[in-house]
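So this first bit is one chain, no partners, the form predicted alone, shown in structure tokens.
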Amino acid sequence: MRQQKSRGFWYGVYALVLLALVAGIWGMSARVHYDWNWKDVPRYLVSTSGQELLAPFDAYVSITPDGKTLSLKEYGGERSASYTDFAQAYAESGDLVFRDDLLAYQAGLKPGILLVGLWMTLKLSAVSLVFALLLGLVAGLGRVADNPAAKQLSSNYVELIRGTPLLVQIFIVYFFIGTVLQLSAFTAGVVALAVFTGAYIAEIIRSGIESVPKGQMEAARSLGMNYTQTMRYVILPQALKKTLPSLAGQFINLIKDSSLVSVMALTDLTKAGREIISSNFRPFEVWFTIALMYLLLTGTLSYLVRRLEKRLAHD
């Protein structure tokens, strides 16, 4: 009974702290006299303007009097086309349009700019994570290897990357290496994020390997297993299990660090937010929405990792 009262007391403290935070945010918003307007945010998530209908070739436009049919007659050619499934015409009868010019909007829903940016963030983070894991695993094994060259190269890589800011590395990869090798903005972003995150993963893997008792290696070698087999079947499974929380934290950092690629020609979630603010001048609503979207991403990843930890704990 006493324990239940104690838990109830601390839950009450928790609720009071949350109320104090909400009251503080409310008070700050009142002091800046900001006119909150959340009604425009949903259209940046899901747009109701529909899909764009573009001209397939250079042509003259004609629209029937009832406005339900839009026809094209190729300029200098014999091709023609007609459209009836549109909600709003952008071109007018008699207009000369060129290939890929906007003709009309088709009714329906499409992802807003924030969802487009979210998809880019997810794609960029996922691809970077795969290469970061591979690079981190190789560098982590190199850090504990007996080979002097592998050990020194891995150490230099880790110290160099961890000793310089990610933003500087993105600039170097995008503007220098990317220009020389003609890399796309997406590829340059993946390279920068993977190389940066791989250095931290290497240290996590190194610490995990060193936390496994040395007797494990000796026992496996005495059973006739070589070094590679021992690492693959004995040491690494134990090391990865021990370092899973640290790896999860690094994965979460990768998602947040991906916001820095907004300095490149990539419309990720952060850059999408800046584009919206430049047009509607509503910074607080947009940034709060973007923060919540990042929180949903990282929170989902944290939940999945906790589930994986519990599952591994029972194995």
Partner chain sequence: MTDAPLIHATGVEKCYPNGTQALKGVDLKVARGEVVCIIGPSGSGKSTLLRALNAMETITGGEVVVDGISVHARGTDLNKLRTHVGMVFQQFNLFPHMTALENVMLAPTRVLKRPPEEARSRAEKLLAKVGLADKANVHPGQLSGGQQQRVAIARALAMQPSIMLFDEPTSALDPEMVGEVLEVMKNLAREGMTMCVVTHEMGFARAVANRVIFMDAGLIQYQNAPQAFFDAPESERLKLFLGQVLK
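Bear in mind the structure is a predicted one, so any value in this text is a computation, not a measurement. Numbering follows the first chain given and starts at 1.
There is another form of this protein, the form predicted in complex with the partner chain, and it is not shown here; the text below is about that form.
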Distance check, residue 221 to the partner chain in the predicted bound form, heavy atom within 4.5 Å: yes
Going by a heavy atom distance of 4.5 Å, is residue 234 a contact of the partner chain in the predicted bound form? yes
Check residue 71 for me: does it contact the partner chain in the predicted bound form (non-hydrogen atoms, 4.5 angstroms)? no
Does any part of residue 229 reach within 4.5 Å of the partner chain in the predicted bound form? Heavy atoms only, please. yes
Consider the chain as shown here, without its partner, and state which of 107, 225, 138, 240 has a heavy atom within 4.5 Å of the partner chain in the predicted bound form. 225
Could you spot which one of 163, 76, 215, 148 gets a heavy atom to within 4.5 Å of the partner chain in the predicted bound form? 215
